[in-house]
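Form predicted alone, single chain, as C-alpha cells, below.
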C-alpha cells in the first residue's frame, strides 16, 4: 500500500509531545512491511534535533504551491529513516524561525497561513515526486485543511482520483480556529464558508474541515472516541459533527516504541532490569536518582514520578494540593514545562520540602528515562486524556500509574482492588479526595510489598507495542479506500 503521512511533527526530527511520537512510530511500523511504501511529510522548521545520519539534505528541483491569489515557490529536503522516505516542505517565509508553533510571546500570528501552506504543499509535492498515494493520513488541526484542499481543488485531478483520506484527532481541545478574514489567504471561496463546511461560529476551524472532508476519522483511544461525541465538555463544539459521522469514526489506541522504552536495554538509566529482576533494578535506579536530585537516599520512601506538560488538563494542580500531606512517605519528582503557575507551584514544593521533592522545567530526555526507571508510582490524574503514552511507558518500567478513568487512561490502566487483576491505580474523577484516598491505598500496598509487586509484574508484562494498532490502521485504510472509490 502506498501511504502518505502528513504531520506537523514526528520523532526523531521535531517533537513537542505525543503527536510526534505517534507519527514517527506509525511511519516506521508501516514501512517495515515490504508491501507498503511510506512517505512522511513534515514542515522544515529551523530547529531540528536528530542523529547526524538523519539530517535532511536538499532535494533537487522546485515547484509552486497556490496560496490565496498567488504562488509560493517551494523546495524539499529529504532524509531516509529506516524504510521511511521523509520529505520536508521548505519555506523560509513560513518555517525559518525559532520554534514550531509559537514564540515566547504566544502562537505565531500567521499559523493560519503556515499550516494551510503546508497542507497544500504536501499535495503539490506528492505530484512533483510522482508519488501517487492510495491513502493520505493526516494528523491534528495543522493538517486539517489537506482533506478539504484534496476534495475542493483536486477532486477531478486524475493523479488523486483514487486517493482516500484518514484524519486522526490527537487532541480535540486544539482545533486551529482563525478569523474568517483568513479565507482569502488560504485560497477558499465564500462558497466553502458555510455551517456544513469550514464555518464555525463565524470563523474558520481547521479541525472541523478535516471532520467534514475526510473519508475516515480516528481518535487515539476507544474511550476518547465516545467521550468526544457524548460529553459536551470534551466535544468542544464539534460533538454534533462527530455524532453525525459516527459510522466513519473509530478509536485506535496508541502504542509506544518498545525498542526505545525498554528497561532491559535502556542506556539512559543507571541499571538495566526486566520483569525477573525489577526489585533490585528499580531499587538501584531509585537510590542513584535520589542522590542525583538531592533527595533523601532511602529505598523505603515511595518515589512518585511525573513526566508531563505542565497543564491543568493533567490534574497536576490536584497533586500540588495534597502532596505535602504525604511527605513522610512519598518523594515527588516532576519534569516538565508549560503553565507558569504550575511550574512555580512545584518550585515552592521543592523549596518547602527539601529532600522530599525535585522539579526540573528544562526537558531532559535522559532524566525522563531515569524517572520512569526509578519511580514506584507515576502520577497522571488527568481531567481528560485522549490516549496518553506516559502511563504505558511507566508500566513498561514497572512504575504503577495513578490515573483518572478517562480516555486512553481508562483503556490501559486497570484497578478493581484485586492485585492479580490490576496494573495500576485509577480514580473516577480528578478530585483531591479521590487522589488522596488512592495514594493512601498505594502507600499501604507498597509497605505490604506482595500485592504491590504483583501489580508491577502485571504492568511490565503488558503489550504496549504498535503491532496491533498498526494492523487496525491498515484495515481502516482499506475501508477508506473502498469508501472513497464507491
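Residue numbers count along the first chain shown, from 1. Only a predicted model underlies this, so the values are computations on that prediction, with no experimental measurement involved.
Although it is not shown, the form predicted together with a small molecule is what the next lines describe.
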item: Stretch from 158-166, 241-249, 177-185, 304-312 whose residues place a heavy atom within 4.5 Å of the small molecule in the predicted bound form; value: 304-312
item: Listed residue (81, 154, 261, 326) with a non-hydrogen atom within 4.5 angstroms of the small molecule in the predicted bound form; value: 261
item: Option touching the small molecule, based on a heavy atom within 4.5 Å in the predicted bound form, out of 389, 76, 357, 204; value: 389
item: Proximity of residue 190 to the small molecule in the predicted bound form, heavy atoms at 4.5 Å; value: no
item: 4.5 Å heavy atom contact, residue 24 to the small molecule in the predicted bound form; value: no
item: Residue contact check: residue 147 to the small molecule in the predicted bound form, 4.5 Å heavy atom; value: no
item: In the predicted bound form, residue 130 touching the small molecule (heavy atom, 4.5 Å); value: no
